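The chain that follows stands alone, in the form predicted on its own, written as structure tokens.
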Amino acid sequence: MNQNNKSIEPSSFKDSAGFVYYQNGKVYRDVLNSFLLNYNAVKSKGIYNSLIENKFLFPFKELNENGNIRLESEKIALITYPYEWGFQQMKEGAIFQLELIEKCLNQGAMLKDASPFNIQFINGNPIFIDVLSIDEYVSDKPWQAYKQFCEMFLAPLLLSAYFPENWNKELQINLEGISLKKTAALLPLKARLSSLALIHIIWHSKFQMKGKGSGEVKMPKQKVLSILSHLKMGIKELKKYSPSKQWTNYQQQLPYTTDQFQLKSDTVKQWINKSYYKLVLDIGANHSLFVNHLQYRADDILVIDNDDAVVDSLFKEKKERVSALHVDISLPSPALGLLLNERKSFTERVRPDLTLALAVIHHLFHSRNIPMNRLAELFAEYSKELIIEFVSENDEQFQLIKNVNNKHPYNKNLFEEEFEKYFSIDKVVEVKSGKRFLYHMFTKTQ
């Protein structure tokens, strides 16, 4: 194999069974000799093939090079992290993880860990990507990743069920999850009425604090399956606490006449129909109206919004090629972990060919107090091609969200002046008389 352009995955240092690297657009995982017996034992039971066939495990093929086992798979174009997921996505990831463990147990295997970072979503559906986390099941051995599951999946879900915030964001502060002790202290008294919170967080935390989490404990397989079943049933019943409905009914309160909105829709469709894109970023979409235009004109479409309810609504649609994340474009996920490269920043992972920013610039201007020159700089960071809607000061929605304390200048001439420092304006269409304008731009070659 050509060793040129071989790139090691920085986060794979935690894996004692192998390591991951990228080469020629493929992903490779070398199995270390210390884990080879375990790998062959799991393979001999047909577990890997079974999980792939049932869409639990991301497909791979085995390469045998001079006795060294190397696993090859396709590269996932869009990697997302659990602190960018909405409530519904985390919930489905948790249920998927539990069902995967059940599948493994019933075939004589077990997962060594329970990290949501080992799960990715393709077309809205979860898939497990860490093949070497699957090991032989040892009879009567406890579920060693139980605490990790509770801290990385259950804790943010429960807190999001009792409080309005998206508690998945806490995993950005601590990549190892929200501690049992902290979660137990945060949960309200009424959480004790829920056996899910009482058993798996509150009692579990006390058990850990008393030092009973160490030592050799036997646990029959049926007991492990019972714990998995109880977790799964409880998580299925969880609902996000009081999600905001501000923008989920956007289509019913569009700030356009029917003709104006049709013009906007037709214009966007006309502009995008001339190209095919690898990745499209739709910022502050609120709905999937324009995603529908793009669905078969791109390999991947990423829709981001800062409203929990919007993200959950878009995720539930499960549109092919479409991902929905809870990301604020003005506060994107930073690089995190060891040497700040264990988890890549949002900007590193998301390099779109086309960015849509329809009716979002005035929100960023007022809610984040971002001046026009920095807004132009922000969009230039993401956009090779940009379709952006300018909402003028006399628009009704602008007046509705106007921040009187924001003293930065805002007008159409300034917008064009600042954006033309980075972009060439290709076309402009007035979609709402004197109030809303669509711009088609391309970044200037350096």
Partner chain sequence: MMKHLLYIDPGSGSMLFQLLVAGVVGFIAFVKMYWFKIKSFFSFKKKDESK
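Numbering follows the first chain given and starts at 1. If you're wondering where the values come from, they're calculated on a predicted model, not measured in any experiment.
Just so you know, the form predicted together with its partner chain exists too; it's not on screen, but the next bit is about it.
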Legend entry - Proximity to its partner chain in the model of the complex (heavy atom, within 4.5 Å), stretch among 313-321, 111-119, 167-175, 77-85: 111-119
Inset, instruction - Look up in the model of the complex whether Ser195 has a non-hydrogen atom within 4.5 angstroms of its partner chain, and give yes or no. - result: yes
Legend entry - Contact flag, Asn38 vs its partner chain in the model of the complex, heavy atom cut 4.5 Å: yes
Inset, instruction - Although its partner chain is absent from this view, report whether His204 comes within 4.5 Å of it in the model of the complex, heavy atoms only. - result: yes
Legend entry - Close approach of Tyr277 to its partner chain in the model of the complex, 4.5 Å, heavy atom: no
Inset, instruction - Kindly indicate whether Asn273, His293 and Asn369 are, all three, within 4.5 angstroms of its partner chain in the model of the complex, using heavy atoms. - result: no
Legend entry - Interface residue in the model of the complex among Ala161, Leu263, Ile227, Ile95, criterion: non-hydrogen atom within 4.5 angstroms of its partner chain: Ile227
Legend entry - Contact assignment for its partner chain in the model of the complex, among Pro255, Gly284, Pro126, Pro142, heavy atom within 4.5 Å: Pro142
Legend entry - Stretch 343-368: residues contacting its partner chain in the model of the complex, 4.5 Å heavy atom cut-off: none
